[in-house]
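Each of two forms of one protein chain follows alone as structure tokens, named structure 1 and structure 2.
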Structure 1
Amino acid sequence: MALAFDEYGRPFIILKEQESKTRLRGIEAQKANISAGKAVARILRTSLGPKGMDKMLQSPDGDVTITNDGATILEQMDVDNQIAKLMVELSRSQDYEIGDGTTGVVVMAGALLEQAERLLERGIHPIRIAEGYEVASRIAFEHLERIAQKFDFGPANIEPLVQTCMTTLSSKIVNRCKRSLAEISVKAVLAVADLERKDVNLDLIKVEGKVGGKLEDTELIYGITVDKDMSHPQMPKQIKDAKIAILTCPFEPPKPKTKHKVDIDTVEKFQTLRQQEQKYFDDMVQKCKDVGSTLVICQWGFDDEANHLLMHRNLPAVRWVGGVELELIAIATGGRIVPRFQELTPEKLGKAGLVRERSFGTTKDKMLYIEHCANSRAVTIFIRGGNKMMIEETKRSIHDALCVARNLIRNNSIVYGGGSAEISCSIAVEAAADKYPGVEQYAIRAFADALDAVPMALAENSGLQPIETLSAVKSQQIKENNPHCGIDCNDVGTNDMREQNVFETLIGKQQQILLATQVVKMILKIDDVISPSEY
């Protein structure tokens, strides 16, 4: 470790507690980083594609998660290495931005790193590799746009959307009923989509799950479900044409925030206070009744007395409804959230065609369905499944499918899946490489090789001969000049992904390539790792 000395020969301390830190420099550091990145990619590699396997993750508290979703696996993996953390971030940003392809992006980055390692061994400077990758990624990006196809859909013709969602779902455990789930997802997205502005607010889609039943029982509800029941067991279980008062104030005597005291020192005061209190409860309930509400939904709790009064006045009520749900209810029913009883007016009430309570199984689980709302823009996907892990995994899968449908509404360009887009890009990048003079040419060629990693992993996971299959498909693409040839994962018998109806969104693919390249560039630029050594 390089040290600086002053004029008396004493060393300057540059790093605090230098001795207790390990430091990796130069090529060593890059190699270590690359191998960490590769290790992460190796974990995810087997999860890619329709025949990909799942991972079982046990959290520090002993809960078990079984998933196939790249972002979830990495999130729960409890990673310690800094570079591995970068890869986790990478997958997460793909998740936030696109929602799907979280596994693919990591596999891609891993392949790029692997190629970079080889180039480093040949003595090519990391920055030159990074620049070469940059150029190559731009070529691939533009090539994707060229091979992409627009396709039309409308509220009447949802078939293309459903097909794309099915491609996403086919790699998950729910692929048993991917058709119905894809339809549910597409319908949900279309229900909340703003087709003019090409925007979808996914917050309006609530995904709820309840253990029990079978996956086929999963349904789309044009309305909201709340995991609560009526505050009093004898309130009516079904309300038609409900007018809903949405309150964020408790049915309790007021609690002023300023400190105060009410002193009782005479009998009269005691009496008046008592009457005051009674009147207070009475007023609250009366107020709700006066504006014509037939259902009260409240964020807070009720005093026993208030509960009884509500029951007595025949005003069903729900208590302890969460803030997010309250907002959704307000959006769905067109009501306003009212923070004070005094501000209740008939206009602020939400309207719903049907509110009903449903119970499940042999336990006391109850859910409240609010349906036929004034504003049907909020929908709920209600998942049933054999066990808790299944429900969680289905939720994640549905999330992916929803994101894909949303992306298609934003931009209706698609590329074909099954690795066909990657292979086509690889061919294009390879061809372009020869035109670049200088060292970058090698990096660009390496990029083309890395692009082959995704179809290769697909073939491997499907039990095919990876190299044989890949080279066959590649030559077919060049020979027939057909960028739609991919890996036939499901053994259908054709390589043409157009016939297999396997689509992916253009922006998803583009984002994958860009994000992966960026992260790899960042990793390559690191030449010094300083970390506290273990003690």
Structure 2
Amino acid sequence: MALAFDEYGRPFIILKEQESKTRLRGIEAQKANISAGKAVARILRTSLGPKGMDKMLQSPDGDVTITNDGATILEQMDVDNQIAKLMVELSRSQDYEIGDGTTGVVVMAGALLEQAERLLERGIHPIRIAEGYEVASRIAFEHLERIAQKFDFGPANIEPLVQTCMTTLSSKIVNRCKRSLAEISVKAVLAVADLERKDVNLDLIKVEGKVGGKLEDTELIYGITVDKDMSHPQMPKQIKDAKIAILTCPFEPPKPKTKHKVDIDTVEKFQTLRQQEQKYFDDMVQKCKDVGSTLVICQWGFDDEANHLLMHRNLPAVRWVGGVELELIAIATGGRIVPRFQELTPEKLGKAGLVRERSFGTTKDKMLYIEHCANSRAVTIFIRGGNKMMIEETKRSIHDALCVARNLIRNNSIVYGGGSAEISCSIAVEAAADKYPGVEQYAIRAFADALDAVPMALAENSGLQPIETLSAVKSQQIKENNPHCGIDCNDVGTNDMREQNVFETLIGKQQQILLATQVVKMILKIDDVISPSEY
């Protein structure tokens, strides 16, 4: 870095410790940033679409994750480069906002960067490229609205929702059961959805998994499952029309807060103390009985004495239930969480039609099912699978499907998948480029080429000839003026995505294009990178 001199010829410092910093400027910096972004996109490119490959990631402490969910891959990949971190955040924001399309958004950004690199080599100024991209993304955004279609669904007609969730699940490892999983996801979302306000609270859907069984055994429970069993093996395993007391106070005699010592010098005194303790327990159990509860769910443990008494008084109980589960049980059963025994009243009890304990396989694993609740606004999706990784990946896939169903309830417009929306936008952007006289039209054309990257990757991953397939579909779209032609990944024999029932949500697609353009503009505007050099 150059030294600066004042008028007397004395050097002075502009950057501190400049010899220990590395600096990239101008076109070099942009090229380095672009290649970092492209590298990340290249990793995800192979996992796009129904024939996409999975990635296996090992964390530093030896946990293995197998997934093809873009956001998960990038989260676990521990990236060091700053520009690569931008790509990770890009897929994360797509995941938070839409929940699906996390791979596609990164592939899209990578393609835009690749096109920008070619334009930079021709000597076009990066800001002009960024402006051209901005114009083109607006054109694509509006074009998507034009080709989108609305469909109506109701509690009776859920088929369109199921079809869209199946599209999401078809690119995951669980695609052999996509029909049943999609139905489970849609039913779960509709159970907790508020259709008047078009709002869905996904916190009310609990996704639980247990190793064992097969993927087909996955079920939807209109209620809550708790990974606990009754506190005493002889308590009843099934309670009908349960009235549930939900307690956060321990079933123990109260301990004074002060430091003290009790001197007991005769047997009689010890007997009185013991009787006093027993009376405490008696009162507690009696209190629960008087209110009319038939099941006690407690956040803390009980003494053996209390357990024994509960058993004798025919009051089944569950102990050590976590706070989140307690809240869900309270929401589902319409009960109130009671912090002190004195506050127990009949109004605060939750009601459930059936509480049953269920054991699995030969492992003596037991779980409690709380079903037919007063307020069935809380549901549980219970996943079974051959191993832990399978269950984790199924949970991620179900999360994507739930998000898609939620987005459709919020906004019921869809576009067709299989790359058809991107190809259609690409044709529209290409046609609009001629209207712009300046240098921007090069950038707008480049944007149109970049849009082709998604269908190209789809064709490549499905083992088709990418360029031939893409050009055939593109010419078919132009000739028939039909924006629903896409890449036939599953070899069905038709390019029309309406017949294949491949749908995607409109807001998901629009978000992809906007987010990718934003990140690329940001990367193009950086022309100086100063970083501390490695020691």
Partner chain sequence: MAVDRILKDDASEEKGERARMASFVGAIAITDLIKTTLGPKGMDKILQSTGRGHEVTVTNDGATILKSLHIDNPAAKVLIDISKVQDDEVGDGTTSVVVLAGELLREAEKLVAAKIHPMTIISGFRMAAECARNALLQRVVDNKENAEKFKSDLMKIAMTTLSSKILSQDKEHFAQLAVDAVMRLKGSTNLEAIQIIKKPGGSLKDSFLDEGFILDKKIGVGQPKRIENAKILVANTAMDTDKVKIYGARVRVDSMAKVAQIEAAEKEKMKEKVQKIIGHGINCFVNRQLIYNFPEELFADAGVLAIEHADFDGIERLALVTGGEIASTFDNPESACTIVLRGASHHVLDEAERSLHDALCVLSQTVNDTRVLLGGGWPEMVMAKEVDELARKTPGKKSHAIEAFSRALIAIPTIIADNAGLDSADLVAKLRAEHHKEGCNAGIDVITGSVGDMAELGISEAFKVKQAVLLSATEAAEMILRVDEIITCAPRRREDRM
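Under this definition, the rigid core comprises the largest set of C-alpha atoms superposing within 1.5 Å between the forms. Keep in mind that this is a model prediction, so the values were computed, not measured. Structure 1 provides the reference sequence; residues are numbered from 1 along it.
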Identity of the form predicted alone among structures 1 and 2:
2
Superpose on the rigid core, then tell me if the C-alpha of Y442 is displaced by 2 angstroms or more between structure 1 and structure 2.
no
Is the shift of Y280 between structure 1 and structure 2 large enough to count as movement, that is, does its C-alpha move by 2 Å or more after the core is superposed?
yes
For N387, does the CA position differ by 2 Å or more between structure 1 and structure 2 when the superposition is done on the rigid core?
no
So with the rigid core superposed, the C-alpha of K269 shifts by how many Å between structure 1 and structure 2?
8.8
